[in-house]
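For reference, the chain that follows is the form predicted alone, supplied as structure tokens.
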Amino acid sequence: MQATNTSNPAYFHKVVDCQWACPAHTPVPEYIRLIGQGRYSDAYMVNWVSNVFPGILGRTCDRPCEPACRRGRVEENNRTQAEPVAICRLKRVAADHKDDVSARMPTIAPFNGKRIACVGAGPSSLTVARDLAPLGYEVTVFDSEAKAGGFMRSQIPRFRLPESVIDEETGYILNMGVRFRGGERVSSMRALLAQNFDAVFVGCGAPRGRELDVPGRQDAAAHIHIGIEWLANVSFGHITSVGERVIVLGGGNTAMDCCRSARRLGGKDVKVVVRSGFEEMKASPWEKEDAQHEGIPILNYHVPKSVEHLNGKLTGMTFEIVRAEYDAKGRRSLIPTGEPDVLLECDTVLVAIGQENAFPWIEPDCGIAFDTWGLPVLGEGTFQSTLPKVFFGGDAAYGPKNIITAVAHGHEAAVSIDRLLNGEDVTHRPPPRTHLLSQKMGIHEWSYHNDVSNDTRFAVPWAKADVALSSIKLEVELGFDAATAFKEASRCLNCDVQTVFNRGTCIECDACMDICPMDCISFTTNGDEAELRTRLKAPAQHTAQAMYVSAELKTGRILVKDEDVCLHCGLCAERCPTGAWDMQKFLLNTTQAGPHCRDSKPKPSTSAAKETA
């Protein structure tokens, strides 16, 4: 097996599983350490650079970082229920406990003569504005609603995301001199282009909810609502009540928001009904748990067959019972079981079976091409459309996803716009900037806390159920207090503090191998990777995680370290008599719009840190 090329930034980045999994590559261990030190404002600002909405995402993120968290893998062999660090909820701690950070926002450069239009005031557009406004671009954001936030404001219920948090975090961006034209719907791309903006970013989301097409649907239309439209009407106070018996169709997070909102608006018998199996539902596991915690049953393998009504008054829905069968390629078919159809009585139906993109305001002949699915044809990674000055991002680019993905799109689109308006090729994507910095403060002392906590994950406290269900606006989750946040932050394994091996000073005493509590270090002969993984001190079975393999040592052996279960405790470095191991903090910053993303870069600043890319 070839020796590991640790000069490739991707190697150490992948060891930081949480940051690797985050679409915006937020430096998770870095801000968790700061939270553990009570430096909440610093943690917030570290977060704000990449994910832009720490308070909003600390309540609503889809958390791709948590399934990747190494803590879960380390615990799975020792506990019946291994759980990752509560990364998302710790992010909220920084937002809730920080000081006023207004003075720490970027300074704004003088106007550079370039004007940018953003269509929609959702997370992707606001990220574009956040990246470009400080550079001197004049950014104008259009939205049909009076206030900024897009679907974060219109579709996420207030009991999950208070309006004050949205106002604060959208305000940081709008206060950078961004021109917000709220209540102004863009109805023509051609008319917008005629205003001579230098670039246009489309971040208008996926605004159309999928319809239900079964007999009786139109006859009882007054009692059947499209989920995202209903949530928006609830959010803006246009709907304040619902029937006592409610059926919510769909298995995604919108369905979970619909059913929990219905409970708070007077629904006493609220059910979620899905075609698929419970495990196949698209909703995040915690969203399903939250709904069930509030007493909402989820009925699976029920396919809508018809809407029942009496002279237009909804009386119920009939469902066919099915089961799942899979072919050799894993494709699923829903097969009727032959059981009698089921009639569920109801007064209201909320349809949350998916969302679609819709661009009726973009004229077919204005130069922007769309594929057969109605999605814009975009350059891979550039988000540039077939009309070079027009870019797309967020749900408008590739269909519905989540907030953090929309933020990531916004960062990349801003890079493209910045390069385009500086006369550079948008397909040239700047690599991230990375550093490795030793954490050594003495022979046996490190600058980070490396005593691994044995605590299990701490639960976030909730408001009492009877109180929570009495109001559509009362926030359910109360967030960690400072003491609990400290204990939860202590569960983080500091995966960004890397074990860096120096082959030249290793004397092959095997002391590091002997002291490793996870048996993840081996000195052995080389071999094919698949075979080598089986004969390490502890077999390396998680093949998705790379192994650290040294070049041949003096005895002809190699050093192999299984990165998968390393605790980053530093015992190997403390035990090593020659200092062949060092604990070095890995910093990765994705290159955002500005001088660093351009071919004509400024001179690098002098730094003691070792530049690796």
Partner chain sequence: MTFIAKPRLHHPTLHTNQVGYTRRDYEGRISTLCAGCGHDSISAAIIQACWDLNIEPHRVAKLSGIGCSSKTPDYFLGASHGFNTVHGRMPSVLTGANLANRELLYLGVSGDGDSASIGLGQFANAMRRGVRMAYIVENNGVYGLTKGQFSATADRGSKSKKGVVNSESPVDLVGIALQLGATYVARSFSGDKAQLVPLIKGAMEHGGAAFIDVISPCVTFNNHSGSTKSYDYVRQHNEAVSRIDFMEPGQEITTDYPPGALVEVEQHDGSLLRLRKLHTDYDPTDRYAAMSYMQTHAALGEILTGLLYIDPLATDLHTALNTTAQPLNTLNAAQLNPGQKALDKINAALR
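Computed from a predicted structure; not experimentally measured. Numbering follows the first chain given and starts at 1.
Below, we refer to the form predicted together with the partner chain, which is not included among the displayed structures.
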{"property": "In the predicted bound form, the residue from L420, A511, L299, A324 that sits within 4.5 Å of the partner chain by heavy atoms", "result": "A511"}
{"property": "Listed residue (L532, A538, L437, A358) with a non-hydrogen atom within 4.5 angstroms of the partner chain in the predicted bound form", "result": "A538"}
{"property": "Contact test in the predicted bound form: N450 vs the partner chain, heavy atoms, 4.5 Å", "result": "yes"}
{"property": "Interface membership of V565, the partner chain in the predicted bound form, 4.5 Å heavy atom rule", "result": "yes"}
{"property": "Q37: touches the partner chain in the predicted bound form, heavy atom cutoff 4.5 angstroms", "result": "no"}
{"property": "P67: touches the partner chain in the predicted bound form, heavy atom cutoff 4.5 angstroms", "result": "no"}
{"property": "Contact stretch among 571-579, 44-52, 22-30, 543-551 - heavy atom within 4.5 Å of the partner chain in the predicted bound form", "result": "571-579"}
{"property": "Residues in 515-530 with any heavy atom within 4.5 Å of the partner chain in the predicted bound form", "result": "I515, C516, P517, M518, D519"}
